[in-house]
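There is one chain below, alone, in structure tokens, taken in the form predicted on its own.
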């Protein structure tokens, strides 16, 4: 199995890394299990000090780490450096708030249950395995690791095989900051070996961010072993624009929502559902802005869109667009594969999608936007809810009644009004339907990997 850095801008292999042997995997699980026993005896103040020190390391090394991320998966350098900064903020957020998030909750009147005292408390589970993707190689991991470690758990990471240098960086980060040896360990293994790690009795829970097939597999194995699971899977998020919206602002934000991270984001706006009254104006402005984006070397400061992370990812995107074209869809911008090295694909806008086009139901993981014309609000809602996904959504309207209508009826884990979906450490994040279950971030995300213990005392 190849564990390698392949530069998506050139298609050339930069580094090949040896996978861990079965003996090394067992050793690392053992280190994490020992660390979990040590961590649960430490205080919040101790863990917070170590977590802040780890955040300081990210800040100090952000330039080099940002470049590493860009070379491994292709996002523009400014976005990679911003990802480092965002991760450091989340680490400080949990350092500041974990103790209050996990504080004991007393029952107001314990006499009602025949006790003199009754309360609930949150306790760490032990070793938690994270199976993480390449698209946000630092942020996806930190938003699991920071709350898990601050709760007193230890972490194991099976990262995507195309970002091994990011995985190795994370393997040492927390120990460098002062956490006990083994508190966070990277496993350089293939997907086929994940099942055995989940089944290991020393591993108490698993979280996965990735594809629907990967989620099904992990959930099935974890279920067989009765282990807690959190899944954040794909998305085909609707971005709804209604007549009362500021069309220029909506179009500008729609472009950012679609092409951030080179369009490779589960929570990116992917289906742009526009009321018929403003469809033509929005479509023209949106297509113009998408076609004017600068595509190129992600290490150069003026680049807005870099390459797709993998050759297979670009091939899948090409197949989705070709399928839509063959079935009668209209290309308003992009749609042509460029010549040259690397896995580049132009920002693309597709309209007039027939019902049988694969893009109607499947996720486009790249800078491809699908435009839909809605006859009225009810039609817009039906289009928004017609996919099997339910991660996030956005609606643009200045009418309070319309805002209430879509907030109430959109089938998604989040609704953003007059904005684009962004993950914030202060807000819970996750989806419904085939976008997964459970939540990350905020207080509820930290509590996912804790035992909620009820205490009753006379």
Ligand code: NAP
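Positions refer to the first chain, counted from 1. Bear in mind that the values here come from a model prediction, so they are computed numbers and not experimental data.
We do not show the form predicted in complex with the named molecule, though everything after this point is about it.
Contact residue in the predicted complex, chosen from 120, 385, 291, 211 - any heavy atom within 4.5 Å of the named molecule: Of the listed residues, the single hit is 211.
So which of 203, 324, 131, 80 reaches within 4.5 angstroms of the named molecule in the predicted complex, heavy atom to heavy atom? Of the listed residues, the single hit is 131.
Does the named molecule get within 4.5 angstroms of any non-hydrogen atom of residue 151 in the predicted complex? Residue 151: no, not in contact with the named molecule in the predicted complex.
Quick check on residue 55: any heavy atom within 4.5 Å of the named molecule in the predicted complex? The answer is no: residue 55 has no heavy atom within 4.5 Å of the named molecule.
Considering non-hydrogen atoms and a 4.5 Å limit, does the named molecule approach residue 72 in the predicted complex? Outside the cut-off, so no.
Is there any non-hydrogen atom of residue 406 lying within 4.5 Å of the named molecule in the predicted complex? Because no heavy atom of residue 406 falls inside 4.5 Å of the named molecule in the predicted complex, the answer is no.
Would all three of 49, 124 and 174 be in contact with the named molecule in the predicted complex, where contact means some heavy atom lies within 4.5 Å? Not a single residue of the candidate spot has a heavy atom within 4.5 Å of the named molecule in the predicted complex.
Going by heavy atoms within 4.5 Å, which of 370-378, 296-304, 157-165, 241-249 lines up against the named molecule in the predicted complex? It is 157-165 that comes within 4.5 Å of the partner.
Can you name the residues of 221-239 that have a non-hydrogen atom within 4.5 angstroms of the named molecule in the predicted complex? The stretch touches the partner through 232, 233, 234, 235.
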